[in-house]
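Okay, so here's just one chain, in structure tokens, the form predicted on its own.
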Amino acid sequence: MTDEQEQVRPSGVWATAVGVARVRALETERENALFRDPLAQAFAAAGGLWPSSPALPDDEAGRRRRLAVSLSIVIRTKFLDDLLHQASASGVRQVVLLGAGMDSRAFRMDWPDGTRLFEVDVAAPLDFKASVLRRERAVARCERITVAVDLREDWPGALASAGHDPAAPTAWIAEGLLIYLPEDAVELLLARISAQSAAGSRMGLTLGTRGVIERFGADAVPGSAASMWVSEMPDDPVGWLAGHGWEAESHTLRERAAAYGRPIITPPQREERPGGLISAVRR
């Protein structure tokens, strides 16, 4: 039986990772791409999203929402790429991707010698991803270790068994993850990250900005990933993270898009509030 025949079709929350891969594939084709992800198209194709495209909403508001979500994926990818480059430059040699999905940073970024990158996710997306990587003959640019575990379970134990050293600084990435977790689960996840983070660790988070569920939630985009969104960021994300021992900076999507040369030209729908792109350092 071939990989294609064995391959599990994406479903549930992790299927959104294939949609993210499609957005990254489209960005990669741009002449002025903010990043290049050579594996994204293969992930999207394996999940049935390439070259065909999802049907666009019939209404103009729906199309704007779709474009806004796609832009947010592009900007957050660039933002977290930069954070990881900075972490590597500071001497961090451990990277943990929580809810890794179709993330291909182990393959597409340049890593210093000695870097170990852990991809933490449930088995289904990791198995799906492995079949695509075999077919593409992809070679990681660092030591890549997959950890198949549900983030609602004892993932720190599984991570430690896989070789993670909490005494050494770690760069943690939770991209497009926390919005799917209820508030108590977000608090537990952050507490666990903090307990495994030596001084000098870095963290990159994407949070659902206030009002995002109202604008993009189940009623606005029926049947989409947005129907699974359950949490938004605290009113004061910097203060929230300070309470967990992190010195954080909060950035808005609009601010980062302008800095990357992709300014958002539509006026804000409401007063600008603290942003959902977070970089933090463990002191």
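Values in this document were obtained by computation on a predicted structure and should not be read as measured data. One rule holds for the numbers: they count along the sequence shown, beginning at 1.
Only in words, not in the display: the form predicted in complex with a small molecule, which the text now covers.
**Asked** Wondering, does Arg24 line up within 4.5 Å of the small molecule in the predicted bound form on heavy atoms?
**Response** Yes - in the predicted bound form, heavy atoms of Arg24 and the small molecule come within 4.5 Å of each other.
**Asked** in the predicted bound form, does Glu175 have a heavy atom within 4.5 Å of the small molecule?
**Response** So Glu175 counts as contacting the small molecule.
**Asked** Any chance Trp111 has a heavy atom within 4.5 Å of the small molecule in the predicted bound form?
**Response** It does not: once the small molecule is placed as it appears in the predicted bound form, Trp111 has no heavy atom within 4.5 Å of it.
**Prompt:** Does the small molecule get within 4.5 angstroms of any non-hydrogen atom of Gly204 in the predicted bound form?
**Reply:** Heavy-atom contact with the small molecule at 4.5 Å: absent for Gly204.
**Message:** The chain here is shown without the small molecule. Which stretch in 135-143, 96-104, 82-90, 194-202 comes within 4.5 angstroms of it in the predicted bound form, by heavy atom distance?
**Reply:** That would be 96-104.
**Asked** Between the options Leu159, Leu181, Val74, Leu190, which residue brings a heavy atom to within 4.5 Å of the small molecule in the predicted bound form?
**Response** For this set of options, the contacting one is Leu181.
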